[in-house]
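Only one chain is included here, represented as structure tokens and corresponding to the form predicted on its own.
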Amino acid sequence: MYEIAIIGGGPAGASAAIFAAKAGKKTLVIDSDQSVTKRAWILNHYGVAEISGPDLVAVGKQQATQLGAEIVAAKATKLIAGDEGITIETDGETYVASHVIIATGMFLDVAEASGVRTKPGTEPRIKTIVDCSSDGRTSIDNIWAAGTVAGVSMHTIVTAGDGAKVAINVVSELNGERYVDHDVLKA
């Protein structure tokens, strides 16, 4: 059983995985490799002069795995909440996690199939989003949402930050106290 499973490996999902794994949580990323970021050329990402979307996605996944996250190539199809955690059905396997973060960008298939409440979107071309609180909580206990699917701007810097924020909130809940991750320069 995983402590945190993340559906989606784009900027929001990989960023969530980086923070979850760095916090020592057993972390799984289920990624169908459909991130729209893979079509982007990025000139407005803080700290990066310019980068292709495919490179940004690859670096994010690499950081997550270096910190201990496990990444599997699959498409999540349904989440089922139960007493023993959230069961994640994919197109090939089944996984269980105590908390799940949906970070599927423009795609709501898994949220809708799982009964997660949705609402109209606010971004251009984003008709529907997950109805979640500002901390990422959805209508189903222990299922969270981050990034574009949660209604934040499609810009990679914003979705990555939202993924980190939601992961910190999940880690804090698991720890029973507010989690802070600040590294300092080595002398």
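Since the structure is predicted, the reported quantities are computational estimates derived from the model, not experimental observations. Sequential numbering from 1, following the sequence displayed.
Heads up, the form predicted together with a small molecule isn't pictured, but that's what we're talking about next.
- Although the partner is absent from this view, Ser32 contacts the small molecule in the predicted bound form, with a non-hydrogen atom inside 4.5 angstroms.
- Shown alone here, Arg137 lies farther than 4.5 Å from the small molecule in the predicted bound form, counting heavy atoms only.
- Under a 4.5 angstroms non-hydrogen atom cutoff, the small molecule in the predicted bound form lacks Ala20 among its neighbouring residues.
- By the criterion of a heavy atom within 4.5 Å, Ile7 is counted among the residues contacting the small molecule in the predicted bound form.
- Residue in contact with the small molecule in the predicted bound form (any heavy atom within 4.5 Å), chosen from Val96, Ala74, Ile71, Ile80: Ala74.
- Only one of 63-71, 127-135, 39-47, 114-122 lies within 4.5 Å of the small molecule in the predicted bound form by heavy atoms, and it is 39-47.
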